[in-house]
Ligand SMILES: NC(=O)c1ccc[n+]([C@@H]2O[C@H](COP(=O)([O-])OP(=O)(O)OC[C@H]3O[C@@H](n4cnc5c(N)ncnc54)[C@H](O)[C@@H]3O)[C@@H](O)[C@H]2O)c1
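A single chain, nothing else alongside it, follows as structure tokens in the form predicted alone.
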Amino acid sequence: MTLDVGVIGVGMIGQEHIRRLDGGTGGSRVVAVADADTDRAAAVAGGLPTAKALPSGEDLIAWDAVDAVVVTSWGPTHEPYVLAAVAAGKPVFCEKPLAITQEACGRIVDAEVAAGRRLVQVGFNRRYDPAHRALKQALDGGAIGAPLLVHCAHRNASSPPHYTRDMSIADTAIHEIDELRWLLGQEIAAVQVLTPRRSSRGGKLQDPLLVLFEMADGVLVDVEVSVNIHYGYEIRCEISGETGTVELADPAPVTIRRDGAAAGLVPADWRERFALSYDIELREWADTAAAGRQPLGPGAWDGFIAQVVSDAALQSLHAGGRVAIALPDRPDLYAGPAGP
């Protein structure tokens, strides 16, 4: 069965997803697009064999020809679009954040629980990265015994002009927040954000940050967030356990030796580093939606918890100190291990 998809928001990430969903390896095609910039939506639709540009995201969700919805629009618009998709009974893939406040995320969770069916998947793509999956497999298989410490780094070569201090947590470290919950199978119990010496390349930003997480079982995690590190885009994760360590391998595909030095190529940005994870993520989501099954990947509850932890980290960034995190009871709809 071909899954007919509508995409709301056709900026950079929207067009990346369209490329994968239309004519890719899976059985999906894009039949509708919508964007606040209607000219851009028309241009994108014109480049697709079966797509139509619709006046609004609401029109796209309501159109009978659309089987499933992808939301890649501006963050504050996510909540109404996801709620409309849930009300229409259509599977919806929403790029992070699920919504920009805990309260908005909670309303999506409540709507899904009331519907009695999981329809929402959130775009935490690291769960689909082959390297991260191998890391989790080694950890779950007992290769290093019980985990004790985790060391992570999230590094960007540079940040765009609109990037703010809060985005270091809400847009960048939020990936580590979901990754840690998934890798360790534990909730985050507390967080503290420390502010090292400021980089001269960061302008008015406080860059870098050091984020310390305490997991519910006592594992301690440090995450370096550097968004103006110049040399490239790099994601690191090393887990130290009772009998050894396991870490992500060097992302460089080759090592070049010349002029008395050896060097590897570092990815330029997230599109290069996580190209394969996006391929897998969208294919698995589309295949699941086409089969009428509930999504196996990170869902509305994961999006809600990520926002709760992100808000606690922002509280620490602004006011200082350790912030304990109290989580509500998980609804029965989301019982079971976090997928995929």
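Numbering starts at 1 and runs along the sequence shown. Remember, predicted model here, so these are calculated numbers, not experimental data.
The discussion below concerns the form predicted in complex with this ligand, not included here.
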Study note, to complete from the structure: Per contact check vs this ligand in the predicted bound form (non-hydrogen atom within 4.5 angstroms), the hit among 258 to 266, 191 to 199, 177 to 185, 93 to 101 is 93 to 101
Check your understanding: Is residue 272 a contact residue for this ligand in the predicted bound form, using a 4.5 Å heavy atom cut-off?
Key -> no
Check your understanding: With a 4.5 Å heavy atom cut-off, would you call residue 110 a contact of this ligand in the predicted bound form?
Key -> no
Practice item. With heavy atoms only and a cut-off of 4.5 Å, decide whether residue 74 touches this ligand in the predicted bound form. Key: yes
Exercise for review: Look up in the predicted bound form whether residue 11 has a non-hydrogen atom within 4.5 angstroms of this ligand, and give yes or no.
Suggested key: yes
Study note, to complete from the structure: Picking from 171, 222, 217, 247, the single residue whose non-hydrogen atoms come within 4.5 angstroms of this ligand in the predicted bound form is 171
Check your understanding: If we check this ligand in the predicted bound form, which of the residues in 121 to 156 reach within 4.5 angstroms of it by a non-hydrogen atom?
Key -> 123, 125
